[in-house]
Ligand SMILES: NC(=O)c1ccc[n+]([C@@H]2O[C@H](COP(=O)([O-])OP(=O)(O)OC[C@H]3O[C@@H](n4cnc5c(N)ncnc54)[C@H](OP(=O)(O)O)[C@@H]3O)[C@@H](O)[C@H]2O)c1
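There is one chain below, alone, in structure tokens, taken in the form predicted alone.
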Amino acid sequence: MDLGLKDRVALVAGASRGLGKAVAERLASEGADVVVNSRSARVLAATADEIARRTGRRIVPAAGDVSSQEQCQALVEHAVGEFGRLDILVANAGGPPPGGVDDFGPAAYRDALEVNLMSTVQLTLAALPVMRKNRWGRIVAITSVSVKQPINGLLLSNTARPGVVGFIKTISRDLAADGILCNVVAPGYIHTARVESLVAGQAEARGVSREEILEGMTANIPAGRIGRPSEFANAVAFLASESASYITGHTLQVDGGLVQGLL
């Protein structure tokens, strides 16, 4: 299936590893040129080289902290400066630390909102002028299934990420007439370094093995396994494409059936 992404230009935040890296590589494999972002310039440069070798597309690294409004604006300007346009924004940032109600003061909540909500807001507002000029755009925000079903031990994520859904759902009504479609992709347990870290943390806290924690996770997943980053990236690439031309304001779970709610 041709997704219609050839020669499109994408900006993917949080792309040095994990889900962001998988998304950047998937978009490039469909023919898009990609600006990849993360805070670590060294790791990001290696990621950009790796994706470029595998796909034959231009992959431009642009380090920066997406919790900063100024750096979000600079990232968009860098993409436009390199390619003359920006068609696709994938807003993605690392999740806040695990913990419960007794583990955090107000500052931790503010930090989580800055990274997980305001980064999406700031990147979107920076990208809108160029997308409106071209009357075509795709904004895809990566959150978590915690926006539909809170996850035990992830209080900060459960608090900050639902705001992204509210933002995306609301602006989708305002932007569809401009040819800009806005959606959310909510991963469940996908095999990334973050999930490995959560597994290790729970194993240590409970005094059990990593394998026991994984068994407990997969017991609640109808698919019977943790997902692959490439499977998640396929969903994002579809929503970022011409093929998703009548889908906006939607939150798509990529979770192997983990969340059982009807909506």
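Please read all numbers here as calculations on a predicted model, not as lab measurements. Numbering starts at 1 and runs along the sequence shown.
One more form of this protein should be noted, the form predicted in complex with the ligand, which is absent from this view; the next part is about it.
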* Partner contact for A93 in the predicted bound form: the ligand, 4.5 angstroms, heavy atom -> yes
* Asked: Is there a heavy atom of E50 lying 4.5 Å or less from a heavy atom of the ligand in the predicted bound form?
  -> no
* Asked: Does the ligand get within 4.5 angstroms of any non-hydrogen atom of R161 in the predicted bound form?
  -> yes
* A15 near the ligand in the predicted bound form, any heavy atom under 4.5 Å? -> yes
* Name the stretch, out of 166-174, 125-133, 93-101, 76-84, where some heavy atom lies within 4.5 Å of the ligand in the predicted bound form. => 93-101
* Structure fact -> In this chain shown alone, the residue from V115, L155, V121, I180 with a heavy atom within 4.5 Å of the ligand in the predicted bound form is V115
* Contacting member of R228, R194, R58, R210, with respect to the ligand in the predicted bound form [4.5 Å, heavy atom] -> R194
* To do: Just give me the residues of 132-149, first to last, that have a heavy atom within 4.5 Å of the ligand in the predicted bound form.
  => I142, T143, S144
